[in-house]
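Quick heads-up: the structure tokens below are two forms of one chain, split into structure 1 and structure 2.
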Structure 1
Amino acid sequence: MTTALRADAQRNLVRVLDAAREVFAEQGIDAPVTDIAERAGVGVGTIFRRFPTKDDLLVAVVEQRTVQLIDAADAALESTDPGAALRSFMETAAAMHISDVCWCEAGSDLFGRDGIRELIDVLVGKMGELLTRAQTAGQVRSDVRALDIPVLLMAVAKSGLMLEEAVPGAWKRYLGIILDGLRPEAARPLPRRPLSRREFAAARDGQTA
């Protein structure tokens, strides 16, 4: 009987997380827990027994999404064409951002949490590997740094999300402009030095550098 109950609880957890990911992606971080419970086919109490607060549920969803991006970066690193690998990852990441209102709305209060912060660091490290490979192959300008990539992706995501309902897919134009700007032949001296890790971490965690 204990095993059966444990299996039932695990099924409920999977349903809750799947529903939360869908509802937060559609409605953003202000989505009510009642909508998640309804989609999961469970009571609100079931959710709060596993996640004491709505923020705890949000953290779990953002962690899952970050792991998906890490997996996408790992898949891109297996490519034998470094330039195409970086472009493919950025396209995948941008599309994932656009499809997920929650990810775009998540601020420093979520990204600065223990667990998520460490995952973001892993993700940025993977982006750095993709970038370095593409630069070594002469396919990306040499003055770009790993921390530039998530900032560029967030620029596409936030503007693209604003346009998406009225002009679906408009974000692809702006990502294309950015990708062209990464090519060595497009390089011009940049007006400012790259972000330091301390500055990036401060922005991510909502602090002053």
Structure 2
Amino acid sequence: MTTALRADAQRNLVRVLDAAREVFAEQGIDAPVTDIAERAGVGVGTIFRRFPTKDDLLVAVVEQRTVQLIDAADAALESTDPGAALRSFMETAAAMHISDVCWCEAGSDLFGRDGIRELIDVLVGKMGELLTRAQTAGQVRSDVRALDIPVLLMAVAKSGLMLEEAVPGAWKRYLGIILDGLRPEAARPLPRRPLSRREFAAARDGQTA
């Protein structure tokens, strides 16, 4: 069992991943594998040899994107202004969401996968840190929780995507409204208790409880 890939195989692997990232980002999860093969300048056989299933390819791509989001959170954690840090992270993250149709279409089938599940948890942890700091600085209402952040980002992204082609950047307006909804002085208590860790995990993994 050799672990080193032949030079051409290595080259093609990179090409395939790049092409998959682009095509899935543009066309979404239902993009046909042949499109990816074509963009990579490769036969479909080459793709399926490395990724036995289209789904495996999707997992690889989504993993990459999750890591990018984690990096963005880390970058925001460098900031010394906690309120601005959270806001700028959410803007960056939303932009990343919007530029990746596939990410916005992903559900428990992907987010619950073995390699990804753990990355999501790391990401949510960083979001929680950003949030807590902003709350401690009195910049954000205290009744929101870390688990609310990914949901709100998805809300901006999924609705923003409907407009994006016709009105690029429109999502920033709606992120603005949501950020205003996170201000410290709440008009009235939120109508539902926060998501528990268990509930979030169930949604992420596609279970019913």
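Numbers given to residues start at 1 and step along the sequence of structure 1. Each form is matched to the other, and the largest set of C-alpha atoms that superpose within 1.5 Å is called the rigid core. Small disclaimer: the values here were computed from a predicted structure and weren't measured.
> Two forms of the same chain appear here; which of them is the form predicted together with a further copy of the same chain?
Replying inline: The chain shown as structure 2 is the form predicted together with a further copy of the same chain.
>> So that I can tell if residue 198 moves, could you say whether its C-alpha shifts by at least 2 Å between the two structures after the core superposition?
In response: Where the cores coincide, residue 198 shows only a C-alpha shift between the two structures that is less than 2 Å.
> Rigid-core fit: what Cα movement does residue 188 have between the two structures, in Å to one decimal?
Replying inline: In the core superposition between the two structures, the C-alpha of residue 188 moves 2.9 Å.
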